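First, one chain by itself in structure tokens, the form predicted alone.
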């Protein structure tokens, strides 16, 4: 077992690779009342074209299959209810699918070992039939309909479709009613056997425990399989610049909402310094105490809150999103674009932004579930969450100016607006 100490953070990470290929990461936190664990796979909504294990040719599966598979993994052959199983052990469990991963997890204050066994066992026991797939198509079809009527969800994905013409990040994670109708039990088993192979999976555990004892539980619960090579995947080549600079949809909202996207032509991928620099830039330019946010609020252009995020989970795509509510979203977009392109800031604002992000990131260590989720997301994406702390403090003015010039341009800009009329 490998042990890495992060002295500045007073954190210790234990890790090892199981003979099956599962990568295990553990953080022991004496005094924590809550124990949290996840079992994740590097398989998300963008992974539709790949070479299945045991085959030699690329195949393409329907959009939404990763999310569909997440739902079906919870179904047990004996009819048992996984959530009830966790409930009887005093745990809460859930799962989610993102662009690049599917994550199953639980948190509990007791029965750590039994809950961990339950997590590993049910994820390793798929049960798909023509009948239960057909039933799930109806359930997920209703879920897709709900998302189609959700203004914030539609505003976000309209923005992505305004930025990207080819890459599947532009597509709804759940797929469409038409695409999921093409999913079969054979499709699910092929995807499961490929992406849910231990060599493509990760276990993260955070809580008050002895690492050797938890490792023994994990080793005993994992099914004995031979380690496999990395899964070949294919993504379409994406042109530079946004597809369009404005997308408008009419839906019932109390106030118009907007989602501004900037397409990053040099995705950060696993680069902590670039991700840190973008986050610091966003904090300075559009954070709660920024000049832009305050001016837009004082002039009643926005309602005061501007959300900012940078997504860079794979080397093939990355984008900035800036969102909010406004009675005049076009003017809000214009002002935000101008602010982003100028990228004017003082050394004091730079240091304040770095310190704010560093401090906010430290909060992750205070809760085992939040810690587990961040650790799981980072390792499944091939990133290093601990490297971000040094990266934040090392960001320079030159880093910010370079990145702002690369990302914040008219060419990379798209605003998505949802309003009543």
Partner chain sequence: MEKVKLKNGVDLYYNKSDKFKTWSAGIYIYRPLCDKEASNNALLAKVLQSATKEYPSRKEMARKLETLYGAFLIAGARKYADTHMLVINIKAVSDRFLPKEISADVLGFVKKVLLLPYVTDGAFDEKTVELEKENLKKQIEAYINDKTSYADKRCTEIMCEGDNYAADVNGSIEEIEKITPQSLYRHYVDLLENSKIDIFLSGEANFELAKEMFSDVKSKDDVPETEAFKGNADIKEVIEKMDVTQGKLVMGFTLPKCSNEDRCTAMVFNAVFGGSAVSKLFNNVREKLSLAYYANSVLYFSKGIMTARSGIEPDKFSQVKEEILKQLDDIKNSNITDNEMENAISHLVNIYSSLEDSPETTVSLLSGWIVEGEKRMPEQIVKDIKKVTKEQVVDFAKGVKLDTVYFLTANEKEEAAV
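Worth saying up front: this structure is predicted, and the values here are computed from it rather than measured. Residue numbers count along the first chain shown, from 1.
The next section is about a form of this same protein that is not shown, the form predicted in complex with the partner chain.
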Of 243, 217, 255, 231, the one that lies within 4.5 Å of the partner chain in the model of the complex (heavy atoms): 255
Heavy atom within 4.5 Å of the partner chain in the model of the complex - the one residue of 226, 84, 344, 338 that qualifies: 84
All of 11, 90 and 143 with a heavy atom within 4.5 Å of the partner chain in the model of the complex: yes
Candidate stretches 133-141, 120-128, 329-337, 182-190, one within 4.5 Å of the partner chain in the model of the complex by heavy atom: 133-141
Proximity of residue 108 to the partner chain in the model of the complex, heavy atoms at 4.5 Å: yes
Distance check, residue 367 to the partner chain in the model of the complex, heavy atom within 4.5 Å: yes
Any non-hydrogen atom of residue 355 within 4.5 angstroms of the partner chain in the model of the complex: yes
Contact flag, residue 29 vs the partner chain in the model of the complex, heavy atom cut 4.5 Å: yes
Sequence-ordered residues of 149-167 touching the partner chain in the model of the complex, heavy atom within 4.5 Å: 149, 151
